[in-house]
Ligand code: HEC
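The form predicted alone is given below as one chain in structure tokens.
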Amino acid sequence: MAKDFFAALTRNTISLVGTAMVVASATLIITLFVIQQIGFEGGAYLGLITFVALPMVLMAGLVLIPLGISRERKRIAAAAAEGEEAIARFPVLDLNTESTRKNVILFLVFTTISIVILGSATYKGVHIMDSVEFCGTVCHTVMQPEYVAHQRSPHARVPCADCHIGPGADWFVKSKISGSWQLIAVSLDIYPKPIPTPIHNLRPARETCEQCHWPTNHVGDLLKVKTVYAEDEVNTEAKTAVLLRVGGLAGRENSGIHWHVNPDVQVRYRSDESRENIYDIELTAVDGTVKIYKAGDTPEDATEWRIMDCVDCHNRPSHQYRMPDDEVDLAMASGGIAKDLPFIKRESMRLLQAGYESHEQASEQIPVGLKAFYSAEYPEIASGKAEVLGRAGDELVEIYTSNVFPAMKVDWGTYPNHIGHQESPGCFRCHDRKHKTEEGDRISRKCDTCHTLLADAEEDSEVLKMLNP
């Protein structure tokens, strides 16, 4: 029996290839798995090979083996029909024969081992595909902007799947189906550049964000102080201080910015695909009354009604792209760029916005351009503070390569942040005094509803002196 079984595997090409695929892939899976278990870190690509590619090869081999045996038996049967010696198409399994029992047990053992390997690899493959490294580095060019931005965000330690999929099997299946098309788009190079936002099939934030962030918690007021620098020779420093009325709900009347996510209130809207232009707004108040605010005739491109949630304002919670002036101000305030270098703010802005064809070109030309300016205008600084200039150049390269991605056509401002109203209309998409009901009621635009301005780009703020004596 064993002789016939192994003969069936080896006397036809299809089964022989299938057997080789099964043995080779199973051996490689086990070997690579052991290597990873003992501490070798091969990254996302090794995980992709070990737990996705090789199991697919193993499955293909398992399919080829019986296919080849079946085709071979059909060939033998056809020959027998023409007068040649007839050979049974299916083996007769007589378990009373010791050799047959041994071969059946051997077959079952190897089949069980293959199933265990395949199941473990599939489980591990799903785990690998849900990792931040896999999402960000396997499709390097496509996901590079989002991956780099994620690494610099407040959610850098939160895995992609926690927000993009969340708990439960239904959204897991939906995400994998969506991912299948994304894989095809990347393989055929038919994906848009830049990737359009927002993601319209993203799971509602109340099912993901609110696993950690509770809108029922009362935050109250938060003080935000921003340091800014002028583009003059001395990089004049000034500070803006804003008291944000974040609010929240905790057994008391809800107010402030987080009034919008009050569970007793529902806000819906219709907009264009980008959600930059909001046309109709529907408010269902605590007492159940409904008001509809319109800003004129609703265009034909208006999307379906959407319930407002966290990401309508916090639209870049994990993939933040800052504007060049914000980045330079932050780097100067933190010491990454020396603020005593003459005109460093102006020159930084010039170099960051010069326009480069690639990260490599920017990495080469930004430090050279900075050094050239100081060599021409301030030779004593170029020679005496070469190390300081070098650090500033490196910081500017880091800023550029973290926010601009020429290969994906991502430039400054491609993905604006809707928090506030600095990078985009933000709050003013609704609070523009243009949206009104049929009765003439308008949505408020009072600044002190959301914040109080304590200092506005002041060099010597009395308020800040009182807060930080």
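All values derive from a computational prediction rather than experimental measurement. Each residue number is its position in the shown sequence, starting from 1.
FYI, the form predicted in complex with this ligand isn't displayed, but the following is about it.
Novice: Is Ala20 one of the residues lying within 4.5 Å of this ligand in the predicted bound form, judged by heavy atom distances?
Specialist: Ala20: no, not in contact with this ligand in the predicted bound form.
Novice: Though only this chain appears here, would Ala382 touch this ligand in the predicted bound form if you measure heavy atom gaps against 4.5 Å?
Specialist: No, Ala382 is distant from the partner.
Novice: Is there any non-hydrogen atom of Cys430 lying within 4.5 Å of this ligand in the predicted bound form?
Specialist: The answer is yes: Cys430 has a heavy atom within 4.5 Å of this ligand.
Novice: Do Arg442 and this ligand come within 4.5 Å of each other in the predicted bound form, heavy atoms counted?
Specialist: Within the cut-off, so yes.
Novice: Between the options Thr227, Gln365, Asn277, Ser318, which residue brings a heavy atom to within 4.5 Å of this ligand in the predicted bound form?
Specialist: Of the candidates Thr227, Gln365, Asn277, Ser318, Ser318 is the one lying within 4.5 Å of this ligand in the predicted bound form.
Novice: Name the residue from Ile199, Ala78, Leu95, Ile105 that puts a heavy atom within 4.5 Å of this ligand in the predicted bound form.
Specialist: The residue from Ile199, Ala78, Leu95, Ile105 that makes the contact is Ile199.
Novice: If the criterion is a non-hydrogen atom within 4.5 angstroms, does every one of Lys371, Leu389 and Gly393 touch this ligand in the predicted bound form?
Specialist: Answer is no for this spot.
Novice: Within 4.5 Å, heavy atoms only, one stretch in 337-345, 395-403, 202-210, 371-379 touches this ligand in the predicted bound form. Which?
Specialist: Residues of 202-210 come within 4.5 Å of the partner.
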